[in-house]
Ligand code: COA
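Quick heads-up: it's one chain on its own, the form predicted on its own, in structure tokens.
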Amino acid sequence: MTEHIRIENRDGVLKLTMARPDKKNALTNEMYGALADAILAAETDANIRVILLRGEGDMFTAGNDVGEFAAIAAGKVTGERHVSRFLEALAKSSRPIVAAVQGRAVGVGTTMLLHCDLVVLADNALLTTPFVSLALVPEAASSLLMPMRIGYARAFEMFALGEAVDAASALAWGIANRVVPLDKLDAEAGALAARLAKQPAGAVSTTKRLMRNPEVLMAQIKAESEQFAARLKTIEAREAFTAFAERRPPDFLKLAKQSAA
């Protein structure tokens, strides 16, 4: 449990709120652990029929805490990384998952939406996946799910160039189910979660399983994770995180010239 993940359980809906608004809900290892624990516990709690994910403040989440990433890249972090537990919990969850997204959803903030069954965006939502810009690769099985959802051309542009996708485009492309005014976001997502909670749970979970194969998703997550870990140790990643800390653009061309010298 962590103070930055707020957990509420009411009328069959488990509401998980990322509550670190002063840091734009950037996800720490501790927060990933709390989210993973809550989603896994829901699997054995008959009173939980739906999971609702949301973020507090003006942003859904800024994605992974870059400070922690930089520490990992520098070899300063040891111990279990809970992000893998969180991604596995998402991929294997039999409970329908609803997301309520406002403002920016960066990195895993966007890729986790591909594991949600209903996604509601505020009209100010902006989805970005800047993995390559950080010298990394996509995660959460998004290298499989995103092209399946929106097509290769759009997915590659999102990943390779870090192109942002606004709410209207996300709806048109099939990433989201609804776009609503910001002040209606929580009500709309809550209403959809409540409707799902009243549906026959066995039929809902079986339908979800038929539509989403956890084994396929986990195989892709494993392949991505191996490449992600390897990329974190590269000189490209070191340059990306050093540039971020120094508030300057990274110079990857410089690295290429050094390698060629």
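For clarity, every value in this text was computed on a predicted model and none was experimentally measured. Numbering starts at 1 and runs along the sequence shown.
The following text describes the form predicted together with coenzyme A, which does not appear among the structures shown.
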- Query: Closest heavy atom of Arg238 to coenzyme A in the predicted complex, within 4.5 Å or not?
  - Reply: no
- Item | Non-hydrogen atom contact Val66 with coenzyme A in the predicted complex at 4.5 angstroms | yes
- Task: Flag Lys15 as yes or no: does it have a non-hydrogen atom within 4.5 angstroms of any non-hydrogen atom of coenzyme A in the predicted complex?
- Result: no
- Item | coenzyme A contact at Arg248 in the predicted complex, heavy atom, 4.5 Å | no
- Which of 113-121, 160-168, 177-185, 131-139 has heavy atoms within 4.5 Å of coenzyme A in the predicted complex? 131-139
- Out of Val98, Val106, Leu87, Met146, which one falls within 4.5 Å of coenzyme A in the predicted complex, going by heavy atoms? Val106
- Note on the structure: Within 139-153, the residues having any heavy atom within 4.5 Å of coenzyme A in the predicted complex are none
